[in-house]
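Only one chain is shown below, in structure tokens, and it's the form predicted alone.
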Amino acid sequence: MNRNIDYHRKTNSYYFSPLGIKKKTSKRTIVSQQGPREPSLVIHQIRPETSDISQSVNKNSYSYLYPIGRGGFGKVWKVEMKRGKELFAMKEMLKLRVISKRSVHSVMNERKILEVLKDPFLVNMHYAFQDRENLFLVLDLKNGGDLRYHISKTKKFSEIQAKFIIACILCGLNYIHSNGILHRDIKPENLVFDERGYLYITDFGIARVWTPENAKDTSGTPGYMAPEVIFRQNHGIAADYFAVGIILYELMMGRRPYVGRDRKEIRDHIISKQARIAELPVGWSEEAADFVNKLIQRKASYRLGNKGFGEVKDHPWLKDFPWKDLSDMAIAAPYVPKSQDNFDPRTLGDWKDDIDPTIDLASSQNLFIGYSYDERVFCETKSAGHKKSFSSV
């Protein structure tokens, strides 16, 4: 099981070859050479909720090109900034829908977390603003579509493709965890490709600053939620690594290990049996199966990743992976999305949810105080040396 994987590297040497032209290396080390530090409650200071920053950027600053997806509260648009002609993705969220779904905290939480997380393997925020009816979040544009769309089209992936996909996720998670944050909703729908085949983490609506007593934070997506989260126990970074294991299992086997129509059925399935890969699919290594089996351990203390990123990247399946080339984005991705709109247009249909007709929108505006964000102002504040904290998240 622990045999050296040089054979696999040698037989797939094209995958480990850098691109002809390397991108400029970031001054910040993206992938730590050690496990992430213990999550800390103090990272950056969030701008006070009682004051909005400059309203110089608004929806009229953009040309709406066409919708490219659908979020929980409205459409996602491909937009072009009129000044500078930069392309972005814009989440447009109807306030009445946000309030009706009791998700005000979720959208405000995501906005605050995105203000202080900036990493090449995340879908980063550039601007946030609002008008009377809607909230707007302007993000990096990734044209490749989400991983769920590609799983539905491709069904199964090769080991080489899956390894690159998982490595991208791990790079993003390492950065998130090193800032004391748990994502808590790692799933294919929240992982998006760019046109080169690199993968990025998005959607921080239910992400949280780690605290020792977090048993009540049970939100997540059934099928990808770690057992300790489902069973309302305290949880840490190992919960996110469990989701990575579920995704790799799905890429390898074409299905998830724990399935059910609802959270109860999935919980019963987890209780009944520890899932594991016993029979290798054609073209996959024993190291890959061992990696999956250790990630999807039901008990967090036994799970790979419980001690941090260091033990994950030192597993034989990833031990010789070219992390530096990946962090420089200098590897040719083995799976590249086709040059087209990589989403299902059927998802852009009419909404069928109910909006609470009793909501007084005028008196609800104070729920969204502090939502605005302008990265230009943030950069000026950061360069002035102001420290920030997550105390208000």
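Residue indices: 1-based, along the sequence shown. What you see is a predicted model, and the numbers here were worked out from it, not measured in a lab.
What comes next is about the form predicted together with a small molecule, which does not appear here.
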{"item": "Stretch from 154-162, 225-233, 245-253, 137-145 whose residues place a heavy atom within 4.5 Å of the small molecule in the predicted bound form", "value": "137-145"}
{"item": "Whether G72, V76 and D203 all lie within 4.5 angstroms of the small molecule in the predicted bound form by heavy atom", "value": "yes"}
{"item": "Heavy atom within 4.5 Å of the small molecule in the predicted bound form - residue from I181, A275, A89, A167", "value": "A89"}
{"item": "Contact residue in the predicted bound form, chosen from V57, A333, M329, I68 - any heavy atom within 4.5 Å of the small molecule", "value": "I68"}
{"item": "Partner proximity in the predicted bound form: L199 to the small molecule, non-hydrogen atom cutoff 4.5 Å", "value": "no"}
{"item": "The small molecule contact in the predicted bound form: V123, any heavy atom under 4.5 Å", "value": "yes"}
